[in-house]
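Coming up is one lone chain in structure tokens, specifically the form predicted alone.
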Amino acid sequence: MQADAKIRTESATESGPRGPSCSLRHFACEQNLLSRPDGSASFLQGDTSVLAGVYGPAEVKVSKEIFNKATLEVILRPKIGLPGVAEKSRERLIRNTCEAVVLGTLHPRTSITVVLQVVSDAGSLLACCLNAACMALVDAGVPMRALFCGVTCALNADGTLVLDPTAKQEKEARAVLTLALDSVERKLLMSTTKGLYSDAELQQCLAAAQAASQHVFRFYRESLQRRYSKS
């Protein structure tokens, strides 16, 4: 299958009291890269890159069959070596996010598998995995009630908020939060946090992530419009 290369780059900056660090790195996305999966996408955020492939809805093993909905599995492969505890934790978070939006009841007794390969990790890896998974699910034509995206926030020692942090910024941060939001009402689908933060800082991060998600979803739309306008 000939690869349909669609690359789009965008930088988005949020203005407000949170300071100049509240900006997103550039995005790039390429769909339909792989011939074997039913859908695939490569997603780039800054220097963080993830390749995603979606298989299904397909036949499911009897031991994993669910009679009233599809069985959704997520496999995350690190850049080097075998998956460890960190990968298994991210798999669970991504699976929970996908299950919140995928209309699995339309395909009972089937399997939908999302395979994610880390190409490079320069920070905000889980958010990039979520974005790659969403675009691959769209490419595969899997029915969803909404799109979803991931946004990572880092809180520095002085309380400064950094959106879409690099690996260096994550290491220096007092707290790192990754949030998944849907495209309809910007509702929180999943959250995972590390470090210490106050309730007010949590609300601040959620508000910043909801604002940043508008740029991500706009990037989704523009990428899909540019791709399908050619066909």
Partner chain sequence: MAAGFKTVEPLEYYRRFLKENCRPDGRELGEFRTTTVNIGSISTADGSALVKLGNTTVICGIKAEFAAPPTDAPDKGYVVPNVDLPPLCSSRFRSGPPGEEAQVASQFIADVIENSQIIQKEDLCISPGKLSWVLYCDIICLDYDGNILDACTFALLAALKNVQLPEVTINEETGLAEVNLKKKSYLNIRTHPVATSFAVFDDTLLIVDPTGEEEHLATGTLTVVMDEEGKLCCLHKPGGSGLTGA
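Residue numbers count along the first chain shown, from 1. Fair warning: this is a prediction, and the values are worked out from it, not measured in the lab.
There is another form of the same protein, the form predicted together with its partner chain; it is not shown, and what comes next is about it.
- In the predicted bound form, its partner chain sits beyond 4.5 Å of every heavy atom of A58.
- Not displayed here, its partner chain is kept clear of A140 by more than 4.5 Å at the level of heavy atoms in the predicted bound form.
- In the predicted bound form, T97 approaches its partner chain with a heavy atom inside 4.5 Å.
- R92 belongs to the set of residues with a heavy atom inside 4.5 Å of its partner chain in the predicted bound form.
- Stretch 83 to 91 is the answer when you ask which of 131 to 139, 83 to 91, 147 to 155, 114 to 122 has residues with heavy atoms within 4.5 Å of its partner chain in the predicted bound form.
- L189 is the sole member of L189, L34, L44, A173 with a non-hydrogen atom lying within 4.5 angstroms of its partner chain in the predicted bound form.
- Proximity to its partner chain in the predicted bound form holds for none of Q214, Y220 and Q225, with the criterion being a heavy atom within 4.5 Å.
- Along 169 to 207, a non-hydrogen atom within 4.5 Å of its partner chain in the predicted bound form is carried by R174, K187, L188, L189, M190, S191, T192, T193, K194, G195, L196, Y197, S198, D199, L202, Q203, L206, in order along the sequence.
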